[in-house]
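Structure 1 and structure 2 below are the same protein chain in two forms, each given by itself as structure tokens.
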Structure 1
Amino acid sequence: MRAGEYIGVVGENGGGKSTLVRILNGLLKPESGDVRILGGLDPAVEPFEVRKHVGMLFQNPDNGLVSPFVEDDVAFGLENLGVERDEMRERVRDAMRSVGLEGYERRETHTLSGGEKQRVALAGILAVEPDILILDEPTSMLDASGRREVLERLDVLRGKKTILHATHHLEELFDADRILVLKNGELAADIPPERLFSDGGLMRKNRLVAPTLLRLAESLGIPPRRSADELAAEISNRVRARTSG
């Protein structure tokens, strides 16, 4: 991974996505081979050192919450690291602002929506200032509104953090720099998103389902685009032209 890259990880259920991200964060040990992060850190041997530099956002937002109030939850990781109180307050404030949670400081976490809970968990990770963010299907348990909330906040982080995003929602990866396709625990492809989406054989071989936006574009004869917004705009223009014609 290069600094600032946004990398997607996809594959059928059981293909190895969650196993990979947990190995990278030291939650699992590899059965074979070696893993090195940030120039030499071994997650299997130095998991706590690795977690100072690698933050992980899990599927279930409730699993990422440990305190009754939002600001206390965001500060939890900093307290464990022994960060000085004034610096902690500043980093918590900045992290909450970055995910759009200003004014939520004394909100009780159990009263939040799924999307808000996931943003609290993300703020807690960002407060620790990791170099790498690992996302293990972070929107899979959220409704459409919650997914949109989280994805909008992740989009702001593009280029600022190195991000590895495992998901079965391929539409979340339109703007990724590249996508890793896993099959039976092995790397089947390392490819830009537009090439993956336009390769029907590769998609079928790895049991990947094209996003609805792409299927609609294909039915209109529109090739894949780098940006989902660009593709949506072209679809809208094509449909408008047909309707007005």
Structure 2
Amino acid sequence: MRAGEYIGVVGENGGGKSTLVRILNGLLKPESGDVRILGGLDPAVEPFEVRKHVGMLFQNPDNGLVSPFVEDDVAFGLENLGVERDEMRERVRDAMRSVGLEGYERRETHTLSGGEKQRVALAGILAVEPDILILDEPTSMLDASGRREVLERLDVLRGKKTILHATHHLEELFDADRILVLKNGELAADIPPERLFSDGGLMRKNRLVAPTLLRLAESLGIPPRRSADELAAEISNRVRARTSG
């Protein structure tokens, strides 16, 4: 992965996505082989140093929450970095606002709903703004608008940060630079999104299903469209062209 790349990771359950992610930030040591972060750091040797640069969002948000109160949890990463109090307060406030958590500061983390926990975990990473973001299914518990907000936020960070985004929702990866497909612990493909989505054989072999809008377009014999509006426009144009011609 080059600095500034946005990389998607997909693949069937048990394919190795979460394992890969855990190795990258030193939670697991590889049996053999080698990982280097930012040119030199080895997560198996210097996990704490690595974590200063790598923000990690776990698949199950419960596993990422460490403090009893929301505010302290979001501030946790900054505290470890020794950020000064005033700056810390500001960054925590910004991060919470950006994921729609205003007013949750003094809530106890264990009483939050699934989606709220996921937002807290995400705010914790956004507050730190590490060079590398590793997100393991960051939207799995979010509603449609929450999902959109997270994707928009990632879009803002694009190019500035290196992002690894594991997900089962392929439509979240339309804009990825490339997608890694994991299967049975192996890299089955390393491929740009549009090529993956249009390769039916590769999709099926890896138990992937194309996003609904792409399948809809395909069933209607229309080239891929990414939004409901674009697809509707294309359909309407064709109908108009026929009825006027």
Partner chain sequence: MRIEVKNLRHVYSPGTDFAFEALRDVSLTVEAGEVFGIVGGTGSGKSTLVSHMNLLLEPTSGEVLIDGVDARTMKKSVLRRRVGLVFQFPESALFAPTVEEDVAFGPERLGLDEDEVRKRVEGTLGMLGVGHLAPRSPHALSGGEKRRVAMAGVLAMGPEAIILDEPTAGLDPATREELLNVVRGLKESGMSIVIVSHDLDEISEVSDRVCLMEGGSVKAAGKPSDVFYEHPENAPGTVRVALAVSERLFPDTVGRPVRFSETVEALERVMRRNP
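Remember, it's a predicted structure, so these values are computed and weren't measured experimentally. All residue numbers here refer to structure 1's sequence, counted from 1. Take the two forms, find the largest set of C-alpha atoms that superpose within 1.5 Å, and that set is the rigid core.
Here the chain coming from the form predicted alone is structure 1, while structure 2 comes from the other form. When the rigid core is held fixed, the Cα atom of L65 travels 2 angstroms or more between structure 1 and structure 2. Taking the rigid core as fixed, one finds a CA shift for R119 of 2 Å or more between structure 1 and structure 2. Here R91 counts as shifted, since its C-alpha moves by at least 2 Å between structure 1 and structure 2 after the core is aligned. The shift recorded for the CA atom of E129 between structure 1 and structure 2 is 3.6 Å, with superposition on the rigid core. On the core-superposed pair, the CA position of G103 changes by 8.4 Å between structure 1 and structure 2.
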